[in-house]
Structure formats: structure tokens, C-alpha cells
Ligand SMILES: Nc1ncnc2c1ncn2[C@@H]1O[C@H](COP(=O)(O)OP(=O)(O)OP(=O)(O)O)[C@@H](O)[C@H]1O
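Next up: just one chain, as C-alpha cells, the form predicted on its own.
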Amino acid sequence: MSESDNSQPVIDVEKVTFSFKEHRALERVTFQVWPGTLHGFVGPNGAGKTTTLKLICTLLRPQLGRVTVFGHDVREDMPAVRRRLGFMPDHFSLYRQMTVFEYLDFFAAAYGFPLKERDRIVSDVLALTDMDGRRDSLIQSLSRGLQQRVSLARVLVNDPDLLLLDEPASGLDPRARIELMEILRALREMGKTIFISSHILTELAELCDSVTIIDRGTTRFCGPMDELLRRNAEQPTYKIRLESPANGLVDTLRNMLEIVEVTLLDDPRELRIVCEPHTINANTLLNRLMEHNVEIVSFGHDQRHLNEAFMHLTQEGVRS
């Protein structure tokens, strides 16, 4: 697969099975990730997410089935796969006695970049992760959120086309999560494909183009985020934010036959609208709203249905 080929998946996992002794971690897992997308990989703890990531980045070998990355088989062409990707594990090791610059320069040297290029490379990845001002800080002095950024900067040192991120927002406070997600959006705009795992579906809802849901080692869903909502929401639900308070619009919407419920949220400019199934789609509802000359700031599916979809596609019970 050439670097400019968008007709083939970046990651193609086909009927992959993997076991640790008596424990079957993956059972015929199948999904694809396409170029330039930000793809969520979601499942409960113990679902097989980390095992799958390690197979993709060649740290494990498939026992049955096939995994290709940019058209290269992970078993047969390991060096070609590794050149094109960067992997950020859920538990990362940082050399805490180093400064941020020393740490990144060390990895640039490990990748074989000559001394005269390394300063430029480190400066570039620090700028990408908004860490320019921390160049000379000791890693041990940084907050967890900033240490996560250093780890992400390390992944970017070799300018990979594919980023594999295992629970990158784990343990971060809300502000650090938001800032991390903004960095990931910027990297996607640069044309990188990003594969990000999480056990919280709503965490990725507004970030990802597509999603794979895995549970107990099997694929439950793979496709666009919008399709997940359409397939699993019995009553389509939308959240709308207006420029001004929506009090006058509520009664009008409640009189529409296709609408089951209209709720004014804590912010008087925000509404939740529940619709009858199979009667009205997002475009039609948006047009109806605009007919009333309201200024819409944001419009989208209510993330509550993502939780419902996730619960519907995964099973209850204790996972080993």
C-alpha cells in the first residue's frame, strides 16, 4: 500500500484469535480502520483492547487470522509496519531524571536521526504537543497531564502515519482531557490516522469519525459513529444549543407529531428533543428548527444514546 493510497484500510484485522494459556483473549476479531480517520476502539475492561493493540504494533503475533498495517502483514513484514506507526501504551515509562528535551532527543537518536537534525525534530514535536515552554523541565516535576503530552511527543518523533493510543486520557483531569483531545484533532488535520482505545464510549463520541466496539474478545460493532446511533437508538434523541433562551420554542416543538418529548436543560439555551422512531431524521428536524428563525450554535445526537448503545452491545458480568 503506497503512502497516498486511500482506497485500502490502514489497519485490517481479519478473524484474529489469540489466547494466553487457557484464557481466550480474542475470538475471530474483525475490523478495519481507514486513512485519515480518528477511530475509537471501545470496550469494557478486559475486553481485549490492549491485546489487539499489541498485535497491531507487532509486540504480539496473531495465532490465527491476519493483521495488516498499510498492507504489510505484521508477521511477515514487521520492520515495514514499525516504520509507519507510533504506539503509546496505557502504562508508559518516562526517564524522570531527564529533562523533556533530553528524553525526546534520546529517542530521536534511537531512531537514527543525526545530531544536526535532532534539535529541529524535538522542537517540532514540542510545538505540536504545546510543550515548547517545558523543554528544559525535569519530567518528574510535571503533572500527569503534561507527562502524557511528553509521551505523545515521544510517539511523534519519527513522524508516524499511524498513531496507536491505549487509554491516553486515563487519569487526566477534565481540562487535561480536553487539551489532549484538541491535540489529537490537530494531528488528524495533518493527515495522520489515529486509533485510540477507551472503555468510555462518550469520551470519544465527539472526537471519532468511526468506532469499533469489542467485548469478551469479539467484535460487536464496527462502523461510523452516526451508524451506531442510528442502529441502537429506539427513539432518536438530539441535543440543541441556541444563541438565546429557548423558552418560546419549547411549546411549538411539543406540538409536532413526530416529537415525543422536549426538555429544557439546566442552561435555558439548551434543549433535548426525543423523536418518534422512523419518522424524522436529523436534517428534517434541523430544517424545522430553522423555520422558526432560531440561531443554532450546535446540533447533534444526545450522547446518552451512546451509553445505551454501548450497554446494548456489551454483556453484563465480571470480566477476567
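Start at 1 with the first residue shown and count on from there. From a predicted model like this one, the values you see are computed outputs, not experimental measurements.
If you look for the form predicted together with the ligand, you will not find it shown, but the lines that follow are about it.
Looking at 280-288, 255-263, 38-46, 63-71, the stretch with residues near the ligand in the model of the complex, meaning non-hydrogen atoms within 4.5 angstroms, turns out to be 38-46. Proximity of residue 13 to the ligand in the model of the complex falls outside the 4.5 Å heavy atom cutoff. Among residues of the shown chain, residue 50 is one whose heavy atoms approach the ligand to within 4.5 Å in the model of the complex.
If you take 20-42 and check each residue for a heavy atom within 4.5 Å of the ligand in the model of the complex, you get 20, 23, 25, in sequence order.
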